[in-house]
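Just one chain follows, in the form predicted alone, and it is written as structure tokens.
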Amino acid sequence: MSFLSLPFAWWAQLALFFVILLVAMRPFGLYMARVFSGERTFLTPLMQPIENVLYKLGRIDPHEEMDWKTYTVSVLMFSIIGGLALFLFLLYQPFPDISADLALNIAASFVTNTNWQSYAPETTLTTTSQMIGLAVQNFLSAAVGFAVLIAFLRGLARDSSKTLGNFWSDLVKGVLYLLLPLSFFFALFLVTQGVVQTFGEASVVSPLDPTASQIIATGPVASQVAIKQLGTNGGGFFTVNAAHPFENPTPLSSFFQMLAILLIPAASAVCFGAMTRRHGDGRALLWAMFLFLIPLALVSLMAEHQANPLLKALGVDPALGNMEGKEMRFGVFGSTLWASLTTATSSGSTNAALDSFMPLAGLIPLLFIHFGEVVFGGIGSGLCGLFVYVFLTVFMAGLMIGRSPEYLGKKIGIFDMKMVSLIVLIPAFLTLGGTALAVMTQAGQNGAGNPAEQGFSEILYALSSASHNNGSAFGGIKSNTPFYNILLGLCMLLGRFGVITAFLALAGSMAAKKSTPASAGTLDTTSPLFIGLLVGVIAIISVLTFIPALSLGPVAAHFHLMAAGGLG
């Protein structure tokens, strides 16, 4: 198993994908910086009248600045009210009935931008619930995450300031100037590829048996798919998500959906450089992200390029690699790259069954999640998480050279490191504590669809996905039970809003500090040395935290499969 064994076509597609991403992210990142700096853009004549009407209806003064506490309360209250409204909307939808624990799980999932789905959307939810309930939260939860990032960037850019901006203004701008126009045009493109967008009746088709018929649900799918990818949400209109031909019909639609997942998270680093006038630091963060994403994605591709030895023993042709659980129209490459991108971000969408991946290929998505989804991550949340590790890296470097740690000219103090520690520890505690609770109780064990290490991987993945607000599922686990609906719902809420609260406190602390000029002893946070140190800190902290659990799941499964069939 080596990089050289991968087909040339795969290398060509990878190169094309990242070239398009690199070309697109810079102008879009600069545009984002102009929007949130209050500058005029080409959309201002169209959107500003709508923006002003929304401010007037909400009695909002967009120029009224908030300190970090007021900003945090606004985020929490807006999200709580939105989550409660969605919970009641789902609980009292006319048909079919939804249990209270499932309604709680769905509401927690979509208000936290997790979009975990333990139910069949096309048979559990009405079209109205999908549009007014889920799709609306796809926009709002993504905009909330981005607003938090913008508040932090202001905290880094401002000098001796008590305020971080206005949450309501940031929220409205994020929806009107970014998510709505992008989603509109992307939905139109998806329709050209065959993604369904209709209010018509369900389709009735004939399967291979001409005497039988099959009913396939339809609905306003393209509009929901557009925002689920651009907002790194991941919640699908159908149970099988992006594997469904009505959501993702062609290789071209799959390619551009993957680009949509990465566009805003990648452009956020460019936006950071523009808003703080530290373009070199923005590029350094991008380098760190790519240094994780590309090698790990290649490892996953190499693992799936091999045929499963247990299937080879049954006479399955190994030429196509491990095709179990994958769509023929995407193949091994399209399915494996998708899995890496959706877990490197917080998208959570899927076009293949992760439960059918080779053990090492199944390990990579877990690693991306356990890194804190800092490899691009979700809208706002990924770069927020990466800044936490930047602070840790600067702090450790300061200890090594005996100098007070500072970033962008601002000293990092005791309070800042306490908040950083909380941000790192909250998802880890929820993941490992929740997994331990699940494997120790009968209700938790009953959810695993497979025995031994595969069943443990299913439970670990579910808790990891919920606690880190990813939303993807390993598959196999039966999570639509009161135990898992409540446990995963709590993990999603605490993993989102506990981290946001600590992060905004950190933003307020940084905003209040005075910038000091760089000196000869200042750590260069744009150098290759710092980038390497940052990558090492992220890897070491994640490995030390999660490797014991990973050893019981995918690592053990890999060695068992080696013993069974001699994997390379």
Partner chain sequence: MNKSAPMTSLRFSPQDLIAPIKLALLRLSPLHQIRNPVMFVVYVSAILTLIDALTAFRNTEHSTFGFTLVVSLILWFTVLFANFAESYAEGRGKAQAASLRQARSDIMAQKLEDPANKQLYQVVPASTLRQDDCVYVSAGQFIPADGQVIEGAASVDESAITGESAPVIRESGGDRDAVTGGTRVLSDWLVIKVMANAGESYLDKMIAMVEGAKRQKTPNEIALGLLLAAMTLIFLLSCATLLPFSLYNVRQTLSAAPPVSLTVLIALLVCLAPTTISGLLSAIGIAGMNRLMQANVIATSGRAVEAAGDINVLLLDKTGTITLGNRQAVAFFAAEGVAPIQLVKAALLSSLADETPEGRSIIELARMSYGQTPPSKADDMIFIPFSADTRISGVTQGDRTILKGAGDAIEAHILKEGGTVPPSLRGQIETIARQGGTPLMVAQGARALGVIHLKDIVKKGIKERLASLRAMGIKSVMVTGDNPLTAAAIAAEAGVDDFIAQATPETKLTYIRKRQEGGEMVAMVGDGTNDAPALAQADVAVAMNSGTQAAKEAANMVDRDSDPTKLIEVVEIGKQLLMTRGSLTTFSLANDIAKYFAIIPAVFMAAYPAFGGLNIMGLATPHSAILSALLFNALIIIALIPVAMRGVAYRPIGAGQLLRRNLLIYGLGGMIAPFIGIKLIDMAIALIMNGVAHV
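Positions refer to the first chain, counted from 1. A quick note: this is a predicted structure, and the numbers were derived from the prediction, not measured.
The form predicted together with the partner chain exists for this protein as well; it is not shown, and the discussion that follows is about that form.
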Taking heavy atoms only, is L314 within 4.5 angstroms of the partner chain in the predicted bound form?
no
In the predicted bound form, does V23 come within 4.5 Å of the partner chain, counting heavy atoms only?
no
4.5 Å heavy atom contact, R403 and the partner chain in the predicted bound form
yes
How about T545 - does it come within 4.5 Å of the partner chain in the predicted bound form, if we only consider non-hydrogen atoms?
yes
Quick one: of L320, L84, L310, A452, which gets a non-hydrogen atom within 4.5 angstroms of the partner chain in the predicted bound form?
A452
Single option in K69, K514, H63, R40 placed near the partner chain in the predicted bound form, where near means a heavy atom within 4.5 Å
K514
With the partner chain left out here, work out from 280-288, 387-395, 257-265, 139-147 which stretch has heavy atoms within 4.5 Å of it in the predicted bound form.
387-395
Any chance all of A120, Q130 and I215 sit within 4.5 Å of the partner chain in the predicted bound form, going by non-hydrogen atoms?
no
Residue by residue through 528-543, tell me which have a non-hydrogen atom within 4.5 angstroms of the partner chain in the predicted bound form.
L529, L533, I540, I541
